[in-house]
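We begin with a single chain expressed as structure tokens, specifically the form predicted alone.
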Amino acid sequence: MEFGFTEEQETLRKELYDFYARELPEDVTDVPAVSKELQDFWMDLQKKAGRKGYLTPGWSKETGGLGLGHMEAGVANEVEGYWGIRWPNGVGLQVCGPGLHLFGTEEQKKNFLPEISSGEKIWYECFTEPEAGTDEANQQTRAKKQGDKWIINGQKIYITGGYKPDLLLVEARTADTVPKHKGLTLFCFSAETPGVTVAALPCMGGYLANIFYFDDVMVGDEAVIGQINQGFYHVMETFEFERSNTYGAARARRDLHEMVQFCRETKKNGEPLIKNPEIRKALAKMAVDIEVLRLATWRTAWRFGERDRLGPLDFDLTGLFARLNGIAHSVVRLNILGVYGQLRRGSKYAKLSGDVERDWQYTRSMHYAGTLEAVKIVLAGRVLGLPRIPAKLNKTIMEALQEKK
């Protein structure tokens, strides 16, 4: 496949590149908002970008975007990846906002989308539970209607986010149905609502997740997002966006370029590392892997743009390639650095700012948007048409495993 970008798209790319080059100090590149100070910095930049429409170029001007398309959104996302930008509201921009475009009411779009595109608010999606990860339909958090209010009780875990959210998009069971997935509903409410508590869940590599507890959280009908008991289908729509973006390939390309430059400048036994045939082979393999990922992400961006004509996204390989590359490439980079690869950010002896050690740790904890195994299950069904294990057989297998223990 061979394609190019329009003159307008390349102009947008340069405009975005120059904007971030002016605004970003080198020492915070690719550092998430894991403290109030970092969150304040990223929020300030997020609002500056939001005022220019850079956060959501593919959204309509009425919702705060630039009125462009999915390809332009991909351009913006790719530039953000190059600069290692970690928006505090990445989930709202990449997942919740696009989902609201599809299943939100006109009033909800009017209320929520401008706040997302302006960079003013931070959203978290609260879907995963201790017993509902890959099995999305097994939600135990419950929302019970009492009069004109919904009372929500339950727990969510591994919720991606940095320092502090404003709004939560929560999946809860509103009916006991067979099959289970037909009784779920989405709710949106403030993270400051009485009954909401949160505990940080630090992960390897500086990645942050959270645990949320809901104890008699009371919300009104206005908190319902989409249709009652149709939340499972809405969540499946949001997952299309969660696992697909051009950010990762751009970030990986920059990491590769920095590693190549390091190998050119660093000598071992009097020879630059780049002269080592094994290292050259490993770097070439990384370059091929990254290009495959890049093409897959752009295929997905184009496919989103053709949604009205072709229907929902048929399949997406970016999640698979991103995880495979992340796991394999971090090991390659670690091996090239040798013992220096074990040094963390902050050490005066660390090479490449200590990012290699951090990235290796990060890829040991890749559960956001589904683990590698979860992505494989999705592709097995959607692309290969393989059947799932029947629920009854799966239960028998799990019982047998428990007996073995």
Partner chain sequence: MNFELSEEQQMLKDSARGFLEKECTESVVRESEDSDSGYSPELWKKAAELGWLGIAYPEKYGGSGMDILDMAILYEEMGRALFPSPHLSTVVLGGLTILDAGSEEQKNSILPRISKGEMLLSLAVTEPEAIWNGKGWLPEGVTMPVVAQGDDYILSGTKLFVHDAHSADYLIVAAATGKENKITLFLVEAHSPGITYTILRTSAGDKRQSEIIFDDVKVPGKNIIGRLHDGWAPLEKILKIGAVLLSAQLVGSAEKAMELAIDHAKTRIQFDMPIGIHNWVQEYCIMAFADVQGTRNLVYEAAWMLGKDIPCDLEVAMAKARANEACIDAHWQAHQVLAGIGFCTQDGLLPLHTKRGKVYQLYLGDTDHHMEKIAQQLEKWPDLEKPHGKPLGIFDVPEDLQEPNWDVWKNQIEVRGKLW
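Residue numbers count along the first chain shown, from 1. Here the structure is a predicted model, which means the values were calculated and not measured.
The form predicted in complex with the partner chain exists for this protein as well; it is not shown, and the discussion that follows is about that form.
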The chain here is shown without the partner chain. Which stretch in 144 to 152, 80 to 88, 169 to 177, 93 to 101 comes within 4.5 angstroms of it in the predicted complex, by heavy atom distance?
80 to 88
In the predicted complex, is there a heavy atom of the partner chain that lies within 4.5 Å of any heavy atom of residue 388, even though the partner is absent here?
yes
I'd like to know if residue 379 sits close to the partner chain in the predicted complex, meaning any non-hydrogen atom pair within 4.5 angstroms.
yes
Is residue 130 one of the residues lying within 4.5 Å of the partner chain in the predicted complex, judged by heavy atom distances?
no
4.5 Å heavy atom contact, residue 181 and the partner chain in the predicted complex
no
Single option in 218, 327, 236, 200 placed near the partner chain in the predicted complex, where near means a heavy atom within 4.5 Å
200
From 295, 157, 228, 334: within 4.5 Å of the partner chain in the predicted complex by heavy atoms is 295
Mind listing which residues of 150 to 181 have a heavy atom within 4.5 Å of the partner chain in the predicted complex?
161, 162, 163, 164, 165
